[in-house]
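Each of two forms of one protein chain follows alone as structure tokens, named structure 1 and structure 2.
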Structure 1
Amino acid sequence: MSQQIVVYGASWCPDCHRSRTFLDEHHISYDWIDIDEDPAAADKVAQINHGNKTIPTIIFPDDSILVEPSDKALSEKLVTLNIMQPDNKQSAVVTHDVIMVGAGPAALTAAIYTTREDIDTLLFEKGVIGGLAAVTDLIDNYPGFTNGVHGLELADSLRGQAERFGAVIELGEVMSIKDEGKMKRLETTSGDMLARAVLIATGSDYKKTGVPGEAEYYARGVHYCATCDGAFYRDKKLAVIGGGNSAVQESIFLTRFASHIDLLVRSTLKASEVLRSELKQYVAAGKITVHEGVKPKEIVGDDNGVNKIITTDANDKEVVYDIDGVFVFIGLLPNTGFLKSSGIELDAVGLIKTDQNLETNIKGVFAAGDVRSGATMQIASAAGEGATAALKIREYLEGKL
């Protein structure tokens, strides 16, 4: 039996990056094997995952396996194996000047500003540091990068800058926020904590189509992140569902791997003129075929994964596409489920309502980025809102707001 943890992954995989960061931060040694550089390792991962090269795949000294684990699941496994000591919740509740929920561009930018002014700042992130930006292949509209910037690179830079000034990022989850007057109580996976001010910057998650087969074949042919999973489909046929900027942009990215892509658009293309112009080149080259007025009906597969998608066209006629995988890009949903009992006001779609100071209806609780009602859902504006929120938080802490 191996005495070492083995992590199978790839350099382009954000979840692999997150798991490695967790292990590094807890000073746990492991062997890293890049499946892009080791065909035998790629075959082993496929064998473990019933034909799918799902990563990270982590093998432990007792031969147990975790696939794409959350940090919580990874922590529990390490504690069970006595590789890591459990976090003992302190009897005294820890207090911070500001706790930021989320660690995407909005929160990381805010943390740069607060920590530079010696405001004690803690960030909680339950997923990937950098948020959805970290799993975007190329960000071409963020100011200051002539040739664009890879999402993971931007996320790492923002994180490094915030930590350089003293921000602390904890991989964990905030389950609830309660207003206790001058202090806010946060129930977290590390125990209850108190903060003088809170910034909610939890961003959004991917919308689902809800058709039969989508949930059943998640990560076995159905995906929501081209950067994470596109490389598994070299020389394969794919369907992309969606007609906005993300669907077009990610379809173009997927042409690096796939032999052909059917872009399935429910109504008509709504992508920007720039992206439509770029898309025409790939259509002309036979790499992408655009199908408008198409609605997904069912995703079909077998033990090996997805093999077709059944749709209906504009005339309600059934059309079947033989494919090897499906990528869904139909919009985002705000990550505000944990606020249900908080008393924080949300709009009709679940986004957080704020005033001109980015403050919610609860004094001392602010929101910024894609989770805020009225946000433009752009990385650059999320960073800008993070900076504004930080300045307003400083004013609040100084009693000026």
Structure 2
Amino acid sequence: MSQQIVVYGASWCPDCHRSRTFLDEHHISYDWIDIDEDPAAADKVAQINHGNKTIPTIIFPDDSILVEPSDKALSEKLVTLNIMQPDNKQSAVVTHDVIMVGAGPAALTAAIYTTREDIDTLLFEKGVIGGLAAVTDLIDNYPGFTNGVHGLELADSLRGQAERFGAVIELGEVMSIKDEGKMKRLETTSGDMLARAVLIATGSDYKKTGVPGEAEYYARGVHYCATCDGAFYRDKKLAVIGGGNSAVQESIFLTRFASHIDLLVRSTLKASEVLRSELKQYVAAGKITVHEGVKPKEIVGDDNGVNKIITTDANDKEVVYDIDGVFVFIGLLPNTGFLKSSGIELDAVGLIKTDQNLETNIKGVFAAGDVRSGATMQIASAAGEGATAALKIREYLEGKL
């Protein structure tokens, strides 16, 4: 077996990067063929994969092939072929300088800083790259954009900027973090990984009301993402539950589709002055009606979806709204469930406690953005915390923190 291992891939492909890093870290030589630059190689990959150009496709000296292998599968193969020692188990787990959990504004900003300083950085994202910012229609208060910026556009730019310096975003989830002293072990959907430092920037998820009908009609009349599902309610009537900034902002967004919106507020409107004065125009135009002191009781529908929401008003009287759909924006729950057995300290609401260096009670594990106790839940501050965390991580890696 004098022949080399051949890796077919492309420069933009994160899994290719991962496999190459694995081989590099184990000092295993291979030929790299970029299929974007070699049409014959692209054809070969397509032939191997029944017409799909699935990469990385790796051909081994014995002519066996692995397509998109996990690092575990790759290491097993290398052991079988006697290219790698089986007792190399510890180092067979991929190691990175930093692993960031989440790829929202906080982690993407942190990744711009770390990768720009050549700190090898891997991000895990289980949902949308760009986090909650990506699912927000228009962001009016992020600095640098005179007329605001669309969430998707901001997310795309942040991601492009981080990738330009070499950040790699893996589409997958981190399930747990374990402190092993100098190394942190992360259990992920791509197998176990080791990191010298970890940044937790997992933000939060939408809270549910918990009323009957909410789960049953999920995505069939009950929604949590206006930019995703609003278009299905052209000329329809909607209820929006909530009274904070998100509820008001999203109600305004939904008026571009819906004929009318009942904004159901549990106590009183808590949205900012700016949003409230904007809301007034829509109220005056008859597009939005605000109902304060209203508690949702049940979401009712049939096979065609939702048709009403039953509520109780301030006097405990039942009030029914005939609507075609409900959007829920009643706040957020921190994404820290996966940290249960990690020993990382959380506050009473489940946000991560940090010191002034944004470091948690575990050395080498940092937190930034919405998931951090004391965060101000804004994109600009999430980005700022990401930058701070990255600089502190560098100090930590250099043994200066």
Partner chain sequence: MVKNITIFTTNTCAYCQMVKTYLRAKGVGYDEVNLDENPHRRIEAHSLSGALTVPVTVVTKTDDSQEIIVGYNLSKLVPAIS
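So that the term is clear: the rigid core is the largest set of C-alpha atoms that superpose within 1.5 Å between two forms. Computed from a predicted model, the values in this text were never measured in an experiment. Residue numbering: structure 1 sequence, from 1.
- Structure 1, not structure 2, represents the form predicted alone.
- Taking the rigid core as fixed, one finds a CA shift for A10 of 2 Å or more between structures 1 and 2.
- Once the cores line up, the CA of D355 ends up less than 2 angstroms apart between structures 1 and 2.
- After superposing the rigid core, the Cα of T388 is displaced by less than 2 Å between structures 1 and 2.
- CA movement of A42 between structures 1 and 2 equals 34.0 Å, with the two forms superposed on the rigid core.
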